[in-house]
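Coming up is one lone chain in structure tokens, specifically the form predicted alone.
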Amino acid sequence: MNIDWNAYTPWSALAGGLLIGLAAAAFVLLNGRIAGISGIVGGLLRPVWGDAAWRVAFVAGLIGAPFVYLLFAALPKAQIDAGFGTLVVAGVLVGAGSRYGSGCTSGHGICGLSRLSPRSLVATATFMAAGFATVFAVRHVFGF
């Protein structure tokens, strides 16, 4: 995946970050729940009576948000330089890692760090280190 640096503005990144933070804070304040995507989606895989509707609404919002965005502006172009198989394997590894780590980047990185959770600090540092090591190995060791 490449970033279109010509179209990048720090203001859109700032606005996106603020909206994510506001949404996570509102979710905790209004529902008393952490907005971790892996936990929300994981709860849909083993649904509990009375607990699925808000999870479905949350995931529908995630899927529908780009369509709402399209009402106001064009979506930024994304170039993904990986095949379907690579994306599937990467998705499965991220999903499994999120379950073993008891949360994903949104749960630990956004919600956990804002609550000063030591567990989330360790998890986020591990995510970042693994990402840096993976990019280094893929680009400089294996030469892809």
Partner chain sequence: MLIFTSLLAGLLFGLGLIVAGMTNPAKVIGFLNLAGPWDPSLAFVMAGAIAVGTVAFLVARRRTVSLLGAAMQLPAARDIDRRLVLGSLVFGVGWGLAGFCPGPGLVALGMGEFKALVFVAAMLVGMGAFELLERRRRITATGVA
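Residue numbers count along the first chain shown, from 1. Just so we're on the same page, rigid core means the largest C-alpha set that superposes within 1.5 Å between forms. Please read all numbers here as calculations on a predicted model, not as lab measurements.
Keep in mind that the form predicted in complex with the partner chain is not shown, yet the notes after this line are about it.
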Though only this chain appears here, would V141 touch the partner chain in the model of the complex if you measure heavy atom gaps against 4.5 Å?
no
Can you tell me whether I63 touches the partner chain? I mean in the model of the complex, with a 4.5 angstroms heavy atom cut-off.
yes
Contact label in the model of the complex: V48 to the partner chain, heavy atom within 4.5 Å:
no
If we check the partner chain in the model of the complex, which of the residues in 39-60 reach within 4.5 angstroms of it by a non-hydrogen atom?
V41, G42, L45, R46, A53, W54, A57, F58, V59, A60
Against the rigid core, is the Cα displacement of T134 between the shown form and the other one at least 2 Å?
no
Threshold 2 Å Cα movement between the shown form and the other one for G17, core superposed
no
